[in-house]
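Next up: just one chain, as structure tokens, the form predicted alone.
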């Protein structure tokens, strides 16, 4: 059985990755529809061996189609306006923006972590922030076995997380997207600053982690940083567990964790880097070591492709999980 799929924001960085990943994973597509803004409408994009017209995103172009899944990556304002329209016509929206993530009526899903939350969606499912997705995949085995008391995130995020304009700033040495030059530089500023001194990106990681792990009281803090890398977010995650552990047991957890690749042989310089993760859908974990400064502390280094697992692939995995449940 095949499904009719819409890609909303099809001409953008994540939109084009949706198209690529749908083909790579052999997602069972019957019909595919591409939507974008009025200025991009009329273009054609390839899907498998055929050219597909990009249509303007408006209700008249939606209501006469039988769409099973609408994959959104067109920005928060567009999602706020159009996700309910697709849902009104019994189409399941999987939204990559931040618009719906903290809405209590909308599940926020990483299939390896909380697939059970899909069951209560009302037509819209939120895809978490790219930096949160890879983190919670790595945290899930620890939470299940030991419980988690506190998390400290420090991220090193690729420019592609800021879209085409972020990539252009690194390529051209410009400051169109970023407030400071990213070339040969590291910028501790992702998204807007809030009154409390944190950036919106940092607070997203805090709140989304709690929602996905079903723990509103979990102690989480974050510092998110942009680095001059095109693809692949890297994260240092310091975790304080509720219960004692043997470090060998932590290694063994990651040898069998779903969609995780353990890369940890420091004698041979084996640890995850952004280049290791580029173009892949797994989450890579390494540099596992005890944090001797607290009871039951452990340090992890976690890397994933932010446009794939951090965006397009996770959304498509959500759709695959829905199909399997049927």
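Computed from a predicted structure; not experimentally measured. Positions refer to the first chain, counted from 1.
This protein has a second form, the form predicted together with ligand A2P, left out of what is shown; the following refers to that one.
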| item | value |
| --- | --- |
| Sole residue of 164, 244, 192, 247 within 4.5 Å of ligand A2P in the predicted complex, by heavy atom | 164 |
| Contact assignment for ligand A2P in the predicted complex, among 259, 40, 299, 273, heavy atom within 4.5 Å | 40 |
| Answer range among 72-80, 248-256, 215-223, 111-119 for contact with ligand A2P, defined in the predicted complex as heavy atoms within 4.5 Å | 72-80 |
| Residue 10 within 4.5 Å of ligand A2P in the predicted complex, heavy atoms | yes |
| Distance check, residue 36 to ligand A2P in the predicted complex, heavy atom within 4.5 Å | yes |
| Distance check, residue 57 to ligand A2P in the predicted complex, heavy atom within 4.5 Å | yes |
